[in-house]
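One chain is shown next in structure tokens, namely the form predicted on its own.
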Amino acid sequence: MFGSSGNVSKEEAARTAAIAGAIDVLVTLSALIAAHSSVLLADFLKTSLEFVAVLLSWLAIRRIVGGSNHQFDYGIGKLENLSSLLVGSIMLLGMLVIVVNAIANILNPSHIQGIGVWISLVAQIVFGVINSTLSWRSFRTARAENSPLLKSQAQLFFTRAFGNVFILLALGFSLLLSGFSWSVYIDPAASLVIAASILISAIGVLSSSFYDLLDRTLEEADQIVILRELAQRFHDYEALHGIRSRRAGGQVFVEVFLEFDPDKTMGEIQTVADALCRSIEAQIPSSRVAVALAKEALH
């Protein structure tokens, strides 16, 4: 069953991520201005693009929470998936920027220098911890809410934490090995590794979102759950007139059309319907079940 508390928890997670991302952008910009380093330029561009992705996610979730009057359930699922597509597309854009910058610096290599390098070293440690925490929280909430938007956010923060580790190592080795001529290639090489990690995550986000955007029937296992529950409760209703189901994004919608004994009171019918809905929803993650009176039962 979908509730406002779930959407609120999504908004809180996205807002925290957006605030952390904005601070990260300011820190990486300060480090870039105060240093000459290709990997810091890549870090700033990557962080800025990722912040835009997180901001889009937050705005989408705010729209969901603001419109969560249960009148647009299918549309909300689509909005989450479209936002995930935007996140994945921005990740691809960030990857391309890093690759182009890395190639340029391989062709024209130079040693890193400036106080910004030390600023970045500290920032990578701090934001590595922050991004790892946000990734874990987003994955946990995504599993609980079955949200493709939060899943893409979790993947995004995982790649950011991965990037923090690699940038930290790249800067550290560049400083420690500056006496060797080949050390000038450490920066662009690390950038290419980061770009590869972003590409892998972006492909996963985009493929998942495209698949979830397609409305489709339920898997056979879920259909069996519904039929089993109806069979176990056959004595509570007169006839089954149809089942309508669809999966929209990470959400499942099921409508069951039943005919009841005309002697049953509305209270008795409601009790049966509520029990059936609760049982099915408990077995099918992120499902919303409704029982309707069949037209034949209304005559």
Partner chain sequence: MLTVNVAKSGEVTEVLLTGELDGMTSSQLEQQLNSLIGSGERRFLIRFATLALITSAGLRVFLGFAKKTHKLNGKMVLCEMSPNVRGVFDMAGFSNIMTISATAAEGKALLEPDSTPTTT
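Positions refer to the first chain, counted from 1. All values derive from a computational prediction rather than experimental measurement. Rigid core here is just the name for the largest C-alpha set that superposes within 1.5 Å across the two forms.
Another form exists, predicted in complex with the partner chain; not displayed. Remarks below refer to it.
Trainee: Looking at L177, I224, V129, A104 here, can you tell me which has any non-hydrogen atom within 4.5 angstroms of the partner chain in the predicted bound form?
Mentor: After the contact test, the surviving option is I224.
Trainee: Wondering, does M266 line up within 4.5 Å of the partner chain in the predicted bound form on heavy atoms?
Mentor: No - in the predicted bound form, heavy atoms of M266 and the partner chain never come within 4.5 Å of each other.
Trainee: Does I33 reach the partner chain in the predicted bound form, with heavy atoms at most 4.5 Å apart?
Mentor: No, I33 stays farther than 4.5 Å from the partner chain in the predicted bound form.
Trainee: Is E238 part of the interface with the partner chain in the predicted bound form - any heavy atom within 4.5 Å?
Mentor: E238: contacts the partner chain in the predicted bound form.
Trainee: Report whether the minimum heavy atom distance between L230 and the partner chain in the predicted bound form is within 4.5 Å.
Mentor: Judged by the heavy-atom cut-off of 4.5 Å, L230 is in contact with the partner chain in the predicted bound form.
Trainee: Please name which of the stretches 24-32, 230-238, 270-278, 42-50 has residues with heavy atoms lying within 4.5 Å of the partner chain in the predicted bound form.
Mentor: Correct option: 230-238.
Trainee: Once the core is aligned, please say if the CA of Y237 is shifted by at least 2 angstroms between the shown form and the other one.
Mentor: Comparing the forms between the shown form and the other one, which are aligned on their rigid core, Y237 does shift its C-alpha by 2 Å or more.
Trainee: Once the core is aligned, please say if the CA of F260 is shifted by at least 2 angstroms between the shown form and the other one.
Mentor: Yes, because once the rigid core is superposed, the C-alpha of F260 moves 2 Å or more between the shown form and the other one.
Trainee: Would you say L49 moves between the shown form and the other one, meaning its CA shifts by 2 Å or more once the core is fitted?
Mentor: Shift at L49: below 2 Å after core fit.
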